[in-house]
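What follows is one chain in structure tokens, specifically the form predicted on its own.
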Amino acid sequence: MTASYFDVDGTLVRTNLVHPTVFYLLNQRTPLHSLGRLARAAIQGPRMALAEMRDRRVFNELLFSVYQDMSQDRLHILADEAFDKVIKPALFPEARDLVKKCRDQGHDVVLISGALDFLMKLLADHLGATHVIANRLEIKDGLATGRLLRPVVAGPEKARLIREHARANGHDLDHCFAYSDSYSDVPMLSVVGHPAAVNPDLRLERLAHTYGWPVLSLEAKGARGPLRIGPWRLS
């Protein structure tokens, strides 16, 4: 069986890792708890901004450290609401059709994302995807430690994880497809026989044209309004 591997943020949805994290910070047990967590996250802001430019794995680790001491129950209780209010409305209009097209052709559809696994499983169920490769919070005594379990899904590590997934599931990568919006995902695009740039950034679009990769837009039919979480407009 062939597989199609999809990056998520910017490819299928216009949110990024920060958006659901802000939702969680805003929805703590009390406004005071939310304020405290937002303040601690703001202090980390400059380090996260620097890490995003230099090392995506470090950025992910810093970002998800703000989940420290959140209970596993609360993480899962809020997951449905975070998906319905943050991720689902940000789905690109034609994303579901592209996934359906892959499924209709008999492909396994794999979401590979730096986002958290329990949110990506909800997205996979919504889209009809078959597998999820995503980041996992370390939980001890029912509480998030603020660390990620290995391997951290980010950057070039995605390419290794795709190779591993293909080997475990009997997929010939020469016949597989991969989709991403970002130049940082060139390694994962390069391991399959059929890469495609989706809503690409400028560097990826140039590379795609150079190598003759398909360039797709999933937002062409969408009316792109502002993204809001709680009282805040985030884009």
Partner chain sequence: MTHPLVVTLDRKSAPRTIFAGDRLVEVDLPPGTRVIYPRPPLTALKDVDAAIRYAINHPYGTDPLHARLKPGMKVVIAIDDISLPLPPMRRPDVRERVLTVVLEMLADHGVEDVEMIIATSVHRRMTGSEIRHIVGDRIFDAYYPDRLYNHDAEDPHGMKEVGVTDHGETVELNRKAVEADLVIYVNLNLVPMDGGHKSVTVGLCGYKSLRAHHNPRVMRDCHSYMDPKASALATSVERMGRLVNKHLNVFTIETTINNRMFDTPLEFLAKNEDDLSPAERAGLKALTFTLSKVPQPARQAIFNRVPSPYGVTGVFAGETEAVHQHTLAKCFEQYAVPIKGQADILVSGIPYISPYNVHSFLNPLLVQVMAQGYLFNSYRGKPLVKKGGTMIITHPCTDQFDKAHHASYIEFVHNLLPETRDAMELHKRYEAKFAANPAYVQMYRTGHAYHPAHPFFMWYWGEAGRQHLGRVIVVGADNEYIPKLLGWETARTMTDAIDMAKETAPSSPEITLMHYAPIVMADVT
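Residue numbers count along the first chain shown, from 1. Because the structure is a prediction, the values reported are computed rather than measured.
Keep in mind that the form predicted in complex with its partner chain is not shown, yet the notes after this line are about it.
For the options 101, 76, 160, 150, the residue carrying a heavy atom within 4.5 angstroms of its partner chain in the predicted complex is 101.
Here is the short version: of 196, 204, 188, 66, the single residue with a heavy atom within 4.5 Å of its partner chain in the predicted complex is 196. The stretch in contact with its partner chain in the predicted complex, judged by heavy atoms within 4.5 Å, is 175-183, chosen from 175-183, 34-42, 55-63, 162-170.
Contact check for residue 138: no non-hydrogen atom falls within 4.5 Å of its partner chain in the predicted complex. For the chain shown alone, residue 218 is a contact residue for its partner chain in the predicted complex, at least one non-hydrogen atom being within 4.5 angstroms. Within this chain, residue 94 lines the site of its partner chain in the predicted complex, having a heavy atom no more than 4.5 Å away.
Residue contact check for residue 209: one or more of its heavy atoms lie within 4.5 Å of its partner chain in the predicted complex. Annotation for 102-128: interface residues with its partner chain in the predicted complex are 102, 105, 107 [heavy atom within 4.5 Å].
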